[in-house]
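Okay, so we've got a single protein chain in two different forms coming up as structure tokens, structure 1 first and structure 2 after it.
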Structure 1
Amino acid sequence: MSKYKVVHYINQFFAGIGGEEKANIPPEMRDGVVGPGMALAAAFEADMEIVATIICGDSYYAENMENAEAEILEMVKSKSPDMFIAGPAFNAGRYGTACGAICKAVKDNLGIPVLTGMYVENPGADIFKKDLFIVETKNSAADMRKAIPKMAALAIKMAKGEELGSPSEENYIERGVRRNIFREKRGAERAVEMLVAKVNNKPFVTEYPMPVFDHVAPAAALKDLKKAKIAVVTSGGIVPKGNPDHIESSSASKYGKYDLTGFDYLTDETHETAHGGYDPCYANSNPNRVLPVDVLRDLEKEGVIGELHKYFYTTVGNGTSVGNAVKFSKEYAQELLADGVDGVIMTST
């Protein structure tokens, strides 16, 4: 029996080309295995073979989605594979989003099985988990040894058209799909057994897990707004003209801190938005629509607030991972506290 043919997708980092400085490379295809494809090929053993590897820079894909997708689809089609695999992307936001988007495009346009792998909090997982099978990984490439065998095992079953088990059995992220199955015990009996286990502090696994959300306690009200130092923070991507720190248009890996000294308002000559995913025309023509420096300066002059903090912090919320968002906020929250800021106005798109 001949092996199932696989085309594998990776980014510039895992291809060994470079890091962020090489993130703008356009798609290219190489015959055979590259980077983590070597581990995948070994895990496939006699069942599958990687006939080609497609490489694309994370920034290039994020900034040229339609063109990149079309180019990659043609590359995949030229190899007539039985399956397409992307990643694993772990917790890399832009990489995960690209893996998910490309897998969906291949699935929808070429009708072959697709598979990727990433951390559950990767924005790509949240966007594409209902469309794709995504093997759950840890948040860094340190998990590569464990992630690859899981991906290979699921890929082989998918290529062979075998029936797949539950997420816990096959190691993929829950997709929100419900199926009727037969159990030896009726539901009421199972529920009582779980309840008894719970009250006795014994382990049990619920059959209907509920989502868990962080609880953020509201801060106390400001005692005297007229004496308060107010800062403005945005996930709307407003940056000085030219985006000097190269904040990504989606799945941001960084934030910027910029001085507002001397600015009574922002103009299209001084500032712009780096945010992707929406029409930036209105934000670029008047950046105050996203970062309301003009109104805050008026409130400062009128004595409604004590003063506007001299720095603003900005990043892009489009596809940015929860992990990065938490990291950013913890870092600049400490700076804001050290600068004596009393309150923060957070704006978005």
Structure 2
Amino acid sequence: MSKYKVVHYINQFFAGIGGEEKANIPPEMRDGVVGPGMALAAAFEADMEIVATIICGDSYYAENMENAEAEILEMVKSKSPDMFIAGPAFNAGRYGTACGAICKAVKDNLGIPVLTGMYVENPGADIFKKDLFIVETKNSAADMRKAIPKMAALAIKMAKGEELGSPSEENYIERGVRRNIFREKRGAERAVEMLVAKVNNKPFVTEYPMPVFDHVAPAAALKDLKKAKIAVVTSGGIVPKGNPDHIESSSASKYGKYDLTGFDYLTDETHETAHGGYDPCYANSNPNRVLPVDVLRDLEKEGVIGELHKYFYTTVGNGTSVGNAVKFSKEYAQELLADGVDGVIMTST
């Protein structure tokens, strides 16, 4: 039997081309395996082979989604593969979003099975888990050795068209799909058992988890901008030069609150970015490109806004856990409120 042909998608980092300074490279295709494809190919053994690897910069994809998608689709099509695999992306947000988007595009346009892998908090997982099989990985590439065999095993089943088991059996992120199965005990009996376990504080597993909707209703609009006190906050890591509180370049454990008094604009001598997840040269040479203090001051002087709030709040949104992000912002939301702020601009890179 001939091997199933796979096209693999990775970013510039895993291709060994470079980090953030190379995140702008457009898609290219190389024959055979590159980077993590080597381990994947080894795990496929005799069943499948990677015929080509497509490499694209994370920022290029994020900033040129439609073009990048079209270009990559053409590349995939030219190889007429049996399957398409992207990543794994772990907790890299742009990479995960790109892996998800291109997998969905390939699935929708070429009708072949697709598979990717990422950490459950990767924004790409949330966006695409309903559409795709996404193998659940840990949050860093240190998990590569464990992630690859899981992806390979699921990929082989998918390529062969075998029936797939539940998320926990096959290591993919729950898609919210329910399937009819036969059980030994009828529903009423299982429900009573669950109830008895619950009242006795014993563990039980629900058969129907309730979906979690955590959308906050939009706050009321500002009535009069001319009188409004506006605060600016960022996940782009802008900090006073020297990063006095040592906010981490990734997986931030803290946020900073810094005084803008006396600053009509930010310069490379007063501020910089602590963010390790994008090419910092543009933000370092002109921090207003991330935290637009220059323009907000102009608008304040011209009376377009009432006042720019004295402090800005900042952290590095790079692999930072949802738990930490919620904790930071819960704290400073109360401060903003207490300081009489009327509206907030948040910038993200």
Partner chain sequence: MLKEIERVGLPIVHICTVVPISLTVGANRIVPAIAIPHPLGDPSLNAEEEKGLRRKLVEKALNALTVEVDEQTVFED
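Here the rigid core means the biggest group of C-alpha atoms that line up within 1.5 Å when the two forms are laid on top of each other. Just so you know, these numbers come straight off a predicted model, no measurement behind them. Here, a residue number simply tells you its place in the sequence of structure 1, counted from 1.
Here the chain appears twice, and structure 2 is the form predicted together with its partner chain. Once both forms are fitted on their rigid core, the CA atom of residue 24 lies less than 2 Å apart between structures 1 and 2.
Once the cores line up, the CA of residue 249 ends up 2 angstroms or more apart between structures 1 and 2. Superposition on the rigid core between structures 1 and 2 places the CA atom of residue 44 less than 2 Å from its counterpart. Once the two forms are overlaid on the core, residue 205 shows a Cα shift of 3.8 Å between structures 1 and 2. Comparing between structures 1 and 2 on a rigid core frame, one finds that residue 309 has its C-alpha moved by 4.6 Å.
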